[in-house]
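The chain below stands alone and is given as structure tokens, in the form predicted alone.
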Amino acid sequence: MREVRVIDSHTAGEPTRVVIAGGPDLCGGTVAQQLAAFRRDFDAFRSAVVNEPRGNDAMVGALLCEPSDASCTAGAIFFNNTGYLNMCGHGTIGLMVTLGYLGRLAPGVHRIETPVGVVSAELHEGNEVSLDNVPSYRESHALTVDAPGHGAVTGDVAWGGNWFFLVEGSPVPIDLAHVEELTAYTWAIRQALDAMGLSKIDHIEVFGPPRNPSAHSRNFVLCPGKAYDRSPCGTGTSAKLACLQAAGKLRPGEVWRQESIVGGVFEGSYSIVDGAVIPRIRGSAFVTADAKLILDERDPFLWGIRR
């Protein structure tokens, strides 16, 4: 039997499972190179950690690894039920709170190496984290796709650490009672993007009016594995900030509060550094479990239930 130590947390309701010990040896290099080795040689381990029967479709994993950049406190590879994420905002917030829980870092600013670059995150008192994300930008404005069963849908394409198609004004109410309809609608948009050769866009984000009086909008985010994000989505909020900046609707330092479908709120703003939009996302996370996963070679579902 093999034991894998994990720390579970949630960031505004969205789970993160950080692998602290018992993960595969990725033989060093940059975190991007370690991700390539993970994907090539250890994908079954990814499935074992986040898929049923140990996990679920909403679970996001984070493999703690050695950074190649000496200025970084840690490296992290993020993954989900069907594959790997370039970056994960809620996961980085969860990682910071997890490392604080373990006593591995004190409140203050720390650098984390991810597959798409180094991010800076500040651990505050009270389980709050401010994340300075990777440079973000709007690539396309007002792109129209023909979503099967829904007709023409117009949105923006933006990078916030992952690729997003962002749609203002959801035809479906953004609430938990309409999750199935929202999933069908956003999945149809993704199918339309795939048909256009835009399969790099693996997150779909739709917006509606907020319920929290302090928030500016409420969103629903469909993730690559067809699960929805319980949090307001860190990379999705970063992509939103980039679109607002490109449209001249948000000034540097001005705060945008993004509410999620379950009611959590991320506070977002941005700065301009060397001409690039650098989003800052502030949210909180809480540790929910400190556990050991058991990988038993006799178990017919040792490597998880895979799609």
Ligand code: PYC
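Just so it is clear, the structure is predicted and the values come from calculations on it, not from any experiment. Residue positions are given as counts along the sequence shown, with the first one as 1.
The form predicted together with pyrrole-2-carboxylate is left out here; the points below concern that form.
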With pyrrole-2-carboxylate left out of view, which of Ala121, Val145, Cys223, Ala188 would have a heavy atom within 4.5 Å of it in the predicted bound form? Cys223
Just one of Asn162, Thr98, Thr114, Asn219 has a heavy atom within 4.5 angstroms of pyrrole-2-carboxylate in the predicted bound form, so which one? Asn162
With a 4.5 Å heavy atom cut-off, would you call Cys88 a contact of pyrrole-2-carboxylate in the predicted bound form? yes
Spell out, yes or no, whether the shortest heavy atom distance between Glu205 and pyrrole-2-carboxylate in the predicted bound form is within 4.5 Å. no
Please check if Gly94 has a heavy atom lying within 4.5 Å of any heavy atom of pyrrole-2-carboxylate in the predicted bound form. no
Report the stretch among 205-213, 228-236, 180-188, 99-107 that approaches pyrrole-2-carboxylate in the predicted bound form to within 4.5 Å, counting heavy atoms only. 228-236
Select from 1-30 the residues with a non-hydrogen atom within 4.5 Å of pyrrole-2-carboxylate in the predicted bound form and write them out in sequence order. Glu14
